[in-house]
Ligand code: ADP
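First, one chain by itself: the form predicted on its own, in C-alpha cells.
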Amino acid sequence: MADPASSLGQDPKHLWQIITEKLREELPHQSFLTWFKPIKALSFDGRVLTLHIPSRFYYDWIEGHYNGHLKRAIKESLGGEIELAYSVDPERRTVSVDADAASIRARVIPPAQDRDRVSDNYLNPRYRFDNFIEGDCNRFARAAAMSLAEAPGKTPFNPLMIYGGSGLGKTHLMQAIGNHIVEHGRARKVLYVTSEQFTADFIKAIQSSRSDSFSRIYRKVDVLLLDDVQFFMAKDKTQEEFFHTFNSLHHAGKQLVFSSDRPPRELEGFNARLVSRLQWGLVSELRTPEYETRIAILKNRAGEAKIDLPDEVAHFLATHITDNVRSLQSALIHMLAQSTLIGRKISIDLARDVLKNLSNRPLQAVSVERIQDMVAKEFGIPSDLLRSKTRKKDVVQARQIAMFLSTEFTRLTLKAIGLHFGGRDHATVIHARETINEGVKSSRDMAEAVESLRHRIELTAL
C-alpha cells in the first residue's frame, strides 16, 4: 500500500488541499462550501491527518453523509489509505462539546487482506440505548434489542431482524446493541459491519485467495451485527457465503442481528433457504415516528449538542418533517450550521428556509377549509357556522377573520373565497378584509388574536 507521507511530505495543509480538490470535483458546490470549506488541517504524523472542525455536528454529518466521498478522495488523490482525526476547539463559544469528546477519531477501513483479526468492531460509541428515543413506532423493537443485548445468544431472538424504511433508526438500534454488549462485557468479540463491507471483504478474499482470512474475521465472532442485508439481492456468491457464515455462527450459539429496509419475505432475488433463516428468530419493524416522538427526538438531539431549540421551532419541524428520524436530524444540523457559520438566530424563519432548501419545493398554499377550522376552533364554534347565514356577532367576527386570513394565505380570487363562505360575493370579502385591518390597528385583543392565528397557519404552510 502506497505511503502518502513518502511521496507528498508531512505538510498537513498540503495533504488536505489535495484531498479537498478531489472532493470539490465530486460534491455540489454549496455542499462543499458548507461542510468542507470551514475544515482546517492541523497535523499529520505519517499516518493520521488531524483536522479541525467547527462542531461535533460536523463530525456526525460528514461521517453520515460524506464518509464514502472522503475514502474515495483519499485513495484517488494520495494513492493510499490514511486515518483521519477530527478535533473540536474547546475554546469556541458558539458550540458546546464535552471535553472528552473534543477529539474524535474516524478510521478509513483498510481492505480485508489487512484485517486478519477483529481488532476494531466499527461501533460508533454515540449510538446508545439511552439516546434512542422510544415511542409507539419502535417500542417493541427496542425492548427486543435490549433483551438480547443483556444476554446475547441466550434469548429466542436469534437472529433478530430489524426492518423499516430509511432513516428510522435501524443502524442506531443495532449499534446500541453492540455498544451495550461491549460496555457490559456480555461477549468478547463483537463486530458491526454493513452488507457493502461484507461483500467487499468477500470479493477481496476471493481475489487474493485468502478465504481463511475472511473466515477468521466473520466466523470467529460472538456477535455479528450486519446492516442493510437487502443489498445482497441478486449477489448469488455473496448470499452463499452469508448463508454459510449464518449457519456457522448460529450453530455455535453466537448472536446474529440483521437489518433491512423490508421484511424478509419481500427480499426479491434472495435464496429461499436464506429468507427462511432470516425469519428463524424475531422479525421486528421500525415505523415512522409519531408527532410526540419526533418532538422528543428533536429535543434530545438539541440537548446533546447544547442547542437552545425553542418549542415553536421544534413544533414547526415536527409538523413538517414526518418521514423519518434522519430528516429531522438533517434539518437540525443545517440550522446549527447556519447559526454557527453566519450567526443566524435559531427561529421559525430559519427553520422555514432550511426546510425549503432541504425539500427543494416552494411553500404550499393553505386551504380555506383549513383556515376555517383553525379560526372556528379558536372561537369555540363549529366551522360550518362560518359558512352559514347566521349574523350572530361572534360568528360574524370569526367569519371576517377567516376571510381576512384566506386573502393572505391562499391563491384564490376574492370571488372564490366568498364561495367558500356560503356563496358570499367578493364585496363581502373586501368588507371583511377592511374591517379586520381596522380592528387590528385599533384593538390590541384583535391584533393578538389575528397574529396568533397567523402564526399557527404559517406552521402549516410547508
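Counting begins at 1, following the sequence as shown. As the structure is a computational prediction, the values presented were derived from the model and not from experiment.
The same protein also exists as the form predicted in complex with this ligand; that form is not shown, yet it is the one meant from here on.
Partner proximity in the predicted complex, defined as non-hydrogen atoms within 4.5 angstroms of this ligand, places exactly one of 170 to 178, 145 to 153, 386 to 394, 201 to 209 at the interface: 170 to 178.
This ligand in the predicted complex is approached by residue 297, whose closest heavy atom lies within 4.5 angstroms of it. Put simply, residue 138 is close to this ligand in the predicted complex: some heavy atom of it is within 4.5 Å. Residue contact check for residue 315: none of its heavy atoms lie within 4.5 Å of this ligand in the predicted complex. Put simply, residue 186 is far from this ligand in the predicted complex: not one heavy atom of it is within 4.5 Å.
A single residue from the set 303, 165, 125, 310 has any heavy atom within 4.5 angstroms of this ligand in the predicted complex; that residue is 165. Here is the short version: of 221, 257, 133, 336, the single residue with a heavy atom within 4.5 Å of this ligand in the predicted complex is 133. Contacts between stretch 181 to 207 and this ligand, counted in the predicted complex as any heavy atom lying within 4.5 Å, involve no residue at all.
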